[in-house]
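Only one chain is shown below, in structure tokens, and it's the form predicted on its own.
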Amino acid sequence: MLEIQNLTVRFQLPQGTITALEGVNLTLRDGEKLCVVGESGSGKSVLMLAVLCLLPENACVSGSILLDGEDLLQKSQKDLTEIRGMKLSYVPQGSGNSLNPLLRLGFQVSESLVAHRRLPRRGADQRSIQLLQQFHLGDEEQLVRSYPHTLSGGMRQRALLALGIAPEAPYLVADEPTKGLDSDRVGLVVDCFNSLEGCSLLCVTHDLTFAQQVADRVAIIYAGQMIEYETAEQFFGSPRHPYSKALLDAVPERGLNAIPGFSPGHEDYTDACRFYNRCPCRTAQCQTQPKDRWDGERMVKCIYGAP
């Protein structure tokens, strides 16, 4: 399994140190799908890049990231290059901007199959066509000979999804895989993720409807901290943290009630609960940082959240 223990990420900048993640603990079991949800800037993508050990050089990382019992943070770059593709696969965020503009699409989708699965080039090319067909891009045999700039943003995003699942790694990390896609295309992603066999999924998303369709478990991140962690059924049925409840109330189907105020900037972090200024339930007790409160495998970072 993939186990994240007390993960903290800080960035050293000319103007000072910024804490992007603080004390995150997560476990992704064999075959499980875990969705990480939160506002923009909460630290979700930093978590993904930390798992992949792709953070920039000015990042200071503490804690551990155990993949099948081995700490990725202690691995050499040579070992990590082998792990990425064989054990860990990645679907990056963005409308296909991670595709190399100088290489044909088919080459990029099939590259991991040649490098990690040792498929011959002809077999890898045929497999890349099949993967693209899974996402209904249209005329896939011609598409594999095209360059990324000839595709729309949504097509490039779906091509990235095909690239991510191509090596059939046991762990798939996906960062906002439905961003920029219409509801029909989101349905293709849902079908793809739900059909994955023998693969564990760690997925960052802001789309709660998508998370409800895909996730076995949900983790909520707010201002760099994990504030709730439980099964998807528990989160969507009876969330405990006031922020989680507000997130669900902001979904169009539940009234589109925007959360008042804004997330605190890094310079605004204090000893209080980070949701303090926006929380309708706050009291004087909330001026002290709450501890993680566990109830079995369910966690909430709130003094009122646990029974």
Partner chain sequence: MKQRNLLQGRAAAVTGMVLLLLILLVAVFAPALAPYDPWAMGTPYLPPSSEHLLGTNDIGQDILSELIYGTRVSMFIGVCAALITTIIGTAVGVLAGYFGGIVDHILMAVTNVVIVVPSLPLTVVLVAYLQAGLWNIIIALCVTAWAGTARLIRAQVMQLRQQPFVQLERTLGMGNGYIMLVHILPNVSGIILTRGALSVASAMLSEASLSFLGLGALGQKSWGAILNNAFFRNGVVNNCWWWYYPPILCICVCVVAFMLIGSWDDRRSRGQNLLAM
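Positions refer to the first chain, counted from 1. For clarity, every value in this text was computed on a predicted model and none was experimentally measured.
The next section is about a form of this same protein that is not shown, the form predicted together with its partner chain.
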Please pick, from C199, A124, L99, L72, the one residue with any non-hydrogen atom lying within 4.5 angstroms of its partner chain in the predicted complex.
L99
Its partner chain: the contacting residue among F210, F193, F135, Y90 in the predicted complex [heavy atom, 4.5 Å]
Y90
Thinking of L2, E39 and V51 as one candidate spot, does its partner chain come within 4.5 Å of a heavy atom in every one of them in the predicted complex?
no
In the predicted complex, is there a heavy atom of its partner chain that lies within 4.5 Å of any heavy atom of L163, even though the partner is absent here?
yes
With a 4.5 Å heavy atom cut-off, would you call Y147 a contact of its partner chain in the predicted complex?
yes
Counting only non-hydrogen atoms and a 4.5 angstroms cut-off, does F107 reach its partner chain in the predicted complex?
yes
Please tell me whether any heavy atom belonging to T81 falls inside 4.5 Å of a heavy atom of its partner chain, as the geometry stands in the predicted complex.
yes
Heavy atom contact within 4.5 Å of its partner chain in the predicted complex, the stretch among 115-123, 202-210, 223-231, 176-184
115-123
